[in-house]
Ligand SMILES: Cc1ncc(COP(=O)(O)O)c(C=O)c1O
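Next up is one chain by itself, shown in structure tokens, the form predicted alone.
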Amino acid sequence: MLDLQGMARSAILNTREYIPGKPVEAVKRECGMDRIIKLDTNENPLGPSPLAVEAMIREIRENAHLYPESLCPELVAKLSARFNLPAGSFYMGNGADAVITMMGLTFLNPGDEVVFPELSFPAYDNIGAKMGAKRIRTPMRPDFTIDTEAMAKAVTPRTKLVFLCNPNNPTGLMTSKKEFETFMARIPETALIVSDEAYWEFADSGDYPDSLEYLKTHRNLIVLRSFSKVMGLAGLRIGYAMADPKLVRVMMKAREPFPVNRIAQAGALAALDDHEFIEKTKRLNREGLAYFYESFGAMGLTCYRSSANFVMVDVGRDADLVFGELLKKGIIVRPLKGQGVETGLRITVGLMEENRMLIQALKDILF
């Protein structure tokens, strides 16, 4: 019999398994339904960028038999020109999750500390646990915004990574420019600040911080972004970090030989030029958010104003039970009970028809 206790690292054995949102295929099998409305993992309801699809098909036909270029040079060159940063500032990975994993492999030793809000992206807790680090969860404010002052106070000489998700997942709430600047000023250079901006394209507020402005003045800042959301490429798994080239060079030592496949590179490269699709996605998102605010308000439910492509809503009942009832109707949302919000759901903005079906289903369940 295998002695897993003796073979595996104790940090891995003690790590709670991360459970992602339910795949459409699994729900179809479980519920016996042909049509599923998937509003749980913040994907783009319009699908992938059309320009990306054309580029990916071409790449499959011509080059799928070849290994990809390891450092994604064409994609890095385009991002470098777009954001006016040196090419050495970019670290490309197999989705933003993988980039977070590489940060952990690069910077965390057992006993180091990771600081993050108690209601935020679970990957921060997960990588800390895997590396045997001490995870410091800081409380949210009563309005569910991130208490950046509490985060700054939690930093000690043992702190290596400080994760700030902006806009935050799962609340959709953002940290303002002034607060972001104050927060960064309070974090010593012995700790790395990770500004996770997977949803930054949806943050229309003029008060949203342009974190790239601070990369030259704050060499301990890492900005994390993704092609999964506004560009509709979640299935490709491609994300990237922007940071001081010295940090990037160290992270390169921890990476896999071919972290981003050829198809993903081709799709991402084309998606960057699909401005029409990006604007269409953002317009649809604004309309969907407005519809949700109006509908939830009319239902007497608290819905938080989002700067992302999803909303957090308090349904006033056990979130898991409401999730189960919606699932019976073929609608998948994300219950937040497991993250401490007993009556909270996170709901992705879908197509307007899907949004209306979700609202009607909730009315049937709750009233």
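This structure is a prediction, so every number in the text was calculated from the model and none was measured. Don't overthink the numbering: it's just position in the shown sequence, from 1.
Below: the form predicted in complex with this ligand, not depicted.
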{"item": "Partner contact for Tyr208 in the predicted bound form: this ligand, 4.5 angstroms, heavy atom", "value": "no"}
{"item": "This ligand contact in the predicted bound form: Phe116, any heavy atom under 4.5 Å", "value": "no"}
{"item": "Partner contact for Gly104 in the predicted bound form: this ligand, 4.5 angstroms, heavy atom", "value": "no"}
{"item": "Pro259: touches this ligand in the predicted bound form, heavy atom cutoff 4.5 angstroms", "value": "no"}
{"item": "Contacting member of Lys229, Arg255, Lys160, His218, with respect to this ligand in the predicted bound form [4.5 Å, heavy atom]", "value": "Lys229"}
{"item": "Contact residue in the predicted bound form, from Asp125, Asp244, Glu179, Asp97 (heavy atom within 4.5 Å of this ligand)", "value": "Asp97"}
{"item": "Residue stretch of 184-192, 235-243, 107-115, 268-276 approaching this ligand in the predicted bound form, non-hydrogen atom distance within 4.5 Å", "value": "235-243"}
{"item": "In the predicted bound form: members of 156-179 within 4.5 Å of this ligand, any heavy atom", "value": "Cys165, Asn169"}
